[in-house]
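The data below hold one chain only, encoded as structure tokens and taken in the form predicted on its own.
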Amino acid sequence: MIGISGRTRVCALIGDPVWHSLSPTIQNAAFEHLGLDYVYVAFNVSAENLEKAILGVRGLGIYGLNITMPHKISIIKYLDILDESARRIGSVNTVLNRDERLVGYTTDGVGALNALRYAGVDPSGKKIVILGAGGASRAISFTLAEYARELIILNRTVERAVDLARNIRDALGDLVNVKAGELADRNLERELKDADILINATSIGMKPNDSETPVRCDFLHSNLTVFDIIYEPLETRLIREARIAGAKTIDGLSMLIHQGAASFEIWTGMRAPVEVMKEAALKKMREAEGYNRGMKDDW
């Protein structure tokens, strides 16, 4: 492992919470594998401290950032430049400190697209149902709208889903088929009957609320691909019940790896070692599972 020095470039994750994040594991594994003098750390930053955190990034010369919930939209006003995709989508999950100017990017959309393709799922010409209308959903929805036959966005606060659908149509034109509605059983039942892909881009089912699911199990079917972007736990209730229903499933680790790979390439200009990042994440998760099991056995 390369020693940390005064020349080491620091990259970081900011969000609330970040205690569960695998990003330090996967990014540091990639840096080490390629012999790069970089280090990646995580900082828990509350909404009220976001502006102070960005001032700290500038003052300390932190080279790159990943942004997670709940800051993907609110961080924009503190940045100097937005990449075209981030500007259009209105969400940022990656920042590069380039010549003391903070440039915002979004890799969530391409991360989701590459996770689907990695699993052998082509979104072209498919009916896709996306749950949620936050920062991750915005990026995924904008990206997949260009491929889908029909894109349905469902959110508990229906106005946010409607606004997102309108933003996509305004940006991409009337050729895209995007609709919006409330995240409610009546809509889920109707839309999932003939859907090809379901993507959960909400936090429903994330630890510590991993007994929850956004979709009733009887709405799931074997012709569906179910993609849950949550990776803690790796097998969410939604993923577990989708498997029982015979659906193809994609867990959130794949999304994390592929969007992280895109961030890595923005910071370093080098191709990300995706398989190295994946193996490091799986090893870390196995270690954590063993530790937790041992703690339970002690009790």
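For clarity, every value in this text was computed on a predicted model and none was experimentally measured. So that there is no doubt, residue numbering starts at 1 and follows the sequence shown. Throughout, rigid core stands for the largest set of C-alpha atoms superposing within 1.5 Å between the two forms.
Same protein, other form: the form predicted together with a small molecule, not shown, and the subject of what follows.
When contacts are judged by a 4.5 Å heavy atom cut-off, residue 50 does not count as touching the small molecule in the predicted bound form. Remark: residue 106 does not count among the residues lining the small molecule in the predicted bound form, judged by a heavy atom distance of 4.5 Å or less. For the chain shown alone, residue 156 is a contact residue for the small molecule in the predicted bound form, at least one non-hydrogen atom being within 4.5 angstroms. At a distance threshold of 4.5 angstroms between non-hydrogen atoms, residue 202 is in contact with the small molecule in the predicted bound form.
Shown here without its partner, the chain carries 134, 160 and 229, all of which come within 4.5 Å of the small molecule in the predicted bound form through at least one heavy atom. For the options 69, 36, 274, 266, the residue carrying a heavy atom within 4.5 angstroms of the small molecule in the predicted bound form is 69. Here is the short version: of 183, 178, 220, 113, the single residue with a heavy atom within 4.5 Å of the small molecule in the predicted bound form is 183. With the partner omitted here, the stretch from 266-274, 248-256, 235-243, 40-48 that lies within 4.5 Å of the small molecule by heavy atoms in the predicted bound form is 248-256. Superposition on the rigid core between the shown form and the other one places the CA atom of residue 172 less than 2 Å from its counterpart. Once both forms are fitted on their core, the CA shift for residue 233 between the shown form and the other one remains under 2 Å.
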